[in-house]
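Next comes just one chain, in structure tokens: the form predicted alone.
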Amino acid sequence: MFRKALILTVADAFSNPEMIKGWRGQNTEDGFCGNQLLGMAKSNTSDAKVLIRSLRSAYAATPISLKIIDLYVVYAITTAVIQVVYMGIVGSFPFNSFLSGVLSCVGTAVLAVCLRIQVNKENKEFKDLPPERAFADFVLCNLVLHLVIMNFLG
């Protein structure tokens, strides 16, 4: 029963009444129709391809400055993941150092996402905020963040 509930999503059930018939046991002994599963799989892969294609075309129109900020966020998160993996392999003897490093990376990534939101021209909330002011806020908040992290190191 749980397997059937996982495969049949609520959206598919409301949009395709024929699928409900197959789910209730009219096509096979256990109430599961293989043809409908195959159709759902083809539908899901084509939907995923369309989604990826639309995201790729939308990201191609993104300005270079926002792409650079995105790259910086990916770098910061990757550095945090590397530190967590290193801690898992080697150990966490100076635990304050580990926490400081990871929190520094994650905090910097969060501040960079805030910068990206403020610099984006399509965002209506920050249209009156000049990009120079947003960058100054980013630098000042990073300075405060890293001062707190240096203090946490001990």
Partner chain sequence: MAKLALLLLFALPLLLSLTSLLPLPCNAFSVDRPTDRRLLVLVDDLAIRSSHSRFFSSLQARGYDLDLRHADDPGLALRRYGQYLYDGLILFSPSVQRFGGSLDLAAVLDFVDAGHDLILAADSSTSDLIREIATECGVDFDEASGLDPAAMVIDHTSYAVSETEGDHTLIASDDFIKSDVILGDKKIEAPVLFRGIGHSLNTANSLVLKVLPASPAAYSANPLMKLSSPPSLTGSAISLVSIVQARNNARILITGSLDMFSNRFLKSGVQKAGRSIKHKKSGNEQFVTEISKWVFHERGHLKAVNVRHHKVGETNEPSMYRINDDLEYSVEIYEWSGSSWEPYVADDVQVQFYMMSPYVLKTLATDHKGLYSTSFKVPDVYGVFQFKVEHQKLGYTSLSLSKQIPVRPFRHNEYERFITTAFPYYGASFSTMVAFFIFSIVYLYNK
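Numbering follows the first chain given and starts at 1. Since we're looking at a predicted model, the values are computed, not measured.
There is another form of this protein, the form predicted together with the partner chain, and it is not shown here; the text below is about that form.
- When the partner chain is considered in the predicted bound form, residue 61 lies well away from it, no heavy atom lying within 4.5 Å.
- Put simply, residue 65 is close to the partner chain in the predicted bound form: some heavy atom of it is within 4.5 Å.
- Contact annotation: residue 133 falls outside 4.5 Å of the partner chain in the predicted bound form, judged by heavy atom distances.
- Taking the partner from the other structure, the partner chain in the predicted bound form has no heavy atom within 4.5 Å of any heavy atom of residue 126.
- Proximity to the partner chain in the predicted bound form, defined as a heavy atom within 4.5 Å, singles out one entry of 117, 55, 48, 90, which is 90.
- In the predicted bound form, 142, 146, 149, 150, 153, 154 are the residues of 140-154 with at least one heavy atom within 4.5 Å of the partner chain, listed from first to last.
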